[in-house]
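Read the single chain below, which is given as structure tokens and is the form predicted on its own.
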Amino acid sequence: MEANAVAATGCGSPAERLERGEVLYYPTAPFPLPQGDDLDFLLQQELGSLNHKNISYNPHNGKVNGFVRKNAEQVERLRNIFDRFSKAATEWLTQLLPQYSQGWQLDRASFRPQEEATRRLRAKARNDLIHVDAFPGRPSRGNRILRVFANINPREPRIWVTSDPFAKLLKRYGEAAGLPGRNRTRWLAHLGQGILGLFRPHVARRSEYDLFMLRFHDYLKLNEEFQEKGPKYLHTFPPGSVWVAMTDTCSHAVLRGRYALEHSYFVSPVVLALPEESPPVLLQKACAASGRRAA
């Protein structure tokens, strides 16, 4: 396993670096995180059941789910902590990535209270297996998945490992994972019309793209050869640090750590810095190449 130094500065704009699969790392949080009594209160929260991977917050309606409920005061305090985190993270990301803020939709924020190294989850739900993100219950329909993370553990680091970006993984494993085939002609017909027409963001059902990304997520997690022998780059995120990634391009896994906050965003393709390098476009090209080989 190679060590990989990550930093907030490097070649290209922050948007370009994220879209190519890099991790932007900030050793000191660039926006306020829970402190003092609020931090102590948050660290005391427990998952509601084995079915919950984390405690989640919906910034659109203020609902918090996935925790052991004790009283109304606890619920309101937890909602307020999440609300402050969501607003602080979003304000900072707006300054860092102003073009994204013109075309993103806020998704869920979450708190991860359990130790990742000792969790017992089914294989497809495990966080310690390298994968690219696809949300089963919240299809992206061609929008990018941007996520900001913060380690609020007072003492212990959070350990990540990353591997090749989506473009390389798709080239190597796309056919084996099952490229969209039954509707390939519809995919090819839209190659010159842009991905907005193909994925129709106003439609709630999963697109062909979402179905493939779910298959690809599962395929990578279940591929023992990739998990054991694929390239790996280690990331150590100390207490109080923040990092940002496009997790539909940046393949990643969490090896160790507990007490992390996270916020997700769906970023419209029309505001991307490198739209031709996005997973939907790369998948279209892979389908076209596969169709030519089959012809």
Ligand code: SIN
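Just so you know, these numbers come straight off a predicted model, no measurement behind them. Residue numbers here begin at 1 and follow the sequence given.
Although it is not shown, the form predicted together with this ligand is what the next lines describe.
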{"item": "Residue 210: touches this ligand in the model of the complex, heavy atom cutoff 4.5 angstroms", "value": "no"}
{"item": "Partner proximity in the model of the complex: residue 133 to this ligand, non-hydrogen atom cutoff 4.5 Å", "value": "yes"}
{"item": "Contact label in the model of the complex: residue 254 to this ligand, heavy atom within 4.5 Å", "value": "yes"}
{"item": "Contact test in the model of the complex: residue 147 vs this ligand, heavy atoms, 4.5 Å", "value": "yes"}
{"item": "Answer option from 127, 163, 86, 153, heavy atom within 4.5 Å of this ligand in the model of the complex", "value": "127"}
{"item": "Partner-facing stretch of 171 to 179, 101 to 109, 87 to 95, 154 to 162, counted where any non-hydrogen atom is within 4.5 angstroms of this ligand in the model of the complex", "value": "154 to 162"}
